[in-house]
Structures are given as C-alpha cells and as structure tokens.
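Next up: a single chain in structure tokens, the form predicted on its own.
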C-alpha cells in the first residue's frame, strides 16, 4: 500500500506533477468520488498509458439539475483516498468549489448540437454544459496526455470526445469498458444509496439490455424498444427512457447500423440509474 498524496489547490497540484520529472506521461481520471472498483479499473488502465496518474475528486455542482440529487450525492473522501492507496503512488486532486471556479473563471460556451439534447440532455437541463466546463477546467489544471472515462456514461463520453476535438485539446480520451457487479448491475457511486432489495430490483436494467442484444438479431429497433418497454414497466423501476441510437450522432435509429447502442435510464426508488450496451457489431 502507498499513501496517495492529496492536493487541494491548483498550484500545489501542478508543483507536484512537475516534481515528478519532465518527459513523464500524465494519465488523468476525473471522478466525483464515492469510488468503487469501476473507478479503480480506470486508474489501473491509466497506469498502462502513463507514469503519473492523477485522480480528481470533486462533486461538481454545475452539472446537477436537481438540488436534492446534489445534496444526497455520497461524499466519502477518506475512504476514497484509502482505496486509491492500493493502486500505487496516485496523485489525488480534491479542490474546493472556489478553487475550481475562482472569481475570474470564464465559462466556456460550446454548441454540442443534438449530442446534448437527447436522452440525458432531454431530462437533465444544463447538465452537459456543466460537464463540459468542469472537464475542460480539469484538463486545463492537470494538463494530462490521456484522460480515462467509463463507457457507462456513454453520452458523456461522446460529448467529451466532441469537446476535445472541437477545442483542439492536446490529449487523448480513452473510453473504458463498463465494470459490473456479479449480478450484472453496472457499478456506480449511486449504488451506495440503494438498499439490498433495490439492488436486486435494479438488475432488470442490465437484464433488459442483454435481452435487447439478443432481440437485435431478430427484430428491427422499433420492435426491440417495444418489448423492452414492456419488460421494464412490469418491474418496480420507473423508466425514464430507453433509446436505440447511432453511436456517433446519438440519434434514434429505425434500422440497425454498425455499433448500434442501447441506452437506458430509470429510477429505482429515489435513485436514478443509467446503463447502456452495444447491440450490433461495430464492423
């Protein structure tokens, strides 16, 4: 076990990165804390690409459109640091809101087009504007060569890739596979808010996605959606959306395309969960 070094200011973080020596590649894993084995898989992937690994822990208020959701988001900094200490000499950046958004901070405006108006964007007004700004700000602070994001947040990953390209940022975005519990439930910080009974009930999300993948070999997208709607509505979950989309545009499709993606969001009790799965081969 190695004690992870924790920094709360931009200047101290940059000094630490510089002290590690020039010419070292920097891998970056941005998080909102409440870390789990899914996050640890991102950290391990970062070490495959870089000598220096930075993990940020910052619950970004600007990407929450629901104040109660922000208030209830789990904050477990000490446990997070302990978990990271098992993964090597990780640099932890845990800034305050004032450090992230000082008085001279200028919000960036980026036209995300349809990427930000469908699915999550439709139900979480302003969410992706907050995501773009916090991630761009973190990139500016950390100046990584590589940044690692889980594919569970498929739409977010698409938007960050778009942002990186549009702003011509000098780094590579690496999408990493979804890590699941033994039950099939996608690992998420929000799972900590689920009771054991709700965790069992929430497995219907990954089950429905696997069924959709099987159905994709037989039926067109509209029929698959109809069947999945029925499955979820017979469960205890409250479905927000189930979409089958083009993996690039994120627009709903009526015919199968390479890499067609199914994305789902639903409430299990008070907890909002998302998941996704590729239904057709990318080739």
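Residue numbers count along the first chain shown, from 1. As the structure is a computational prediction, the values presented were derived from the model and not from experiment.
The protein also exists as the form predicted in complex with pantoate (PAF); that form is not presented, and the subsequent description refers to it.
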In the model of the complex, do 32, 149 and 156 all reach within 4.5 Å of pantoate (PAF) through at least one heavy atom apiece? yes
Non-hydrogen atom contact residue 41 with pantoate (PAF) in the model of the complex at 4.5 angstroms: no
Within a 4.5 Å heavy atom cut-off, is residue 90 in contact with pantoate (PAF) in the model of the complex? no
My question is simply whether residue 135 lines the interface with pantoate (PAF) in the model of the complex - judged by any non-hydrogen atom within 4.5 Å. yes
Taking pantoate (PAF) as it sits in the model of the complex, is residue 208 near enough to touch it, meaning that at least one heavy atom pair lies within 4.5 angstroms? no
Based on heavy atom distances of 4.5 Å or less, which listed stretch (247-255, 58-66, 226-234, 213-221) is in contact with pantoate (PAF) in the model of the complex? 58-66
Check each of 116, 84, 131, 202 and return the one that places a heavy atom within 4.5 angstroms of pantoate (PAF) in the model of the complex. 131
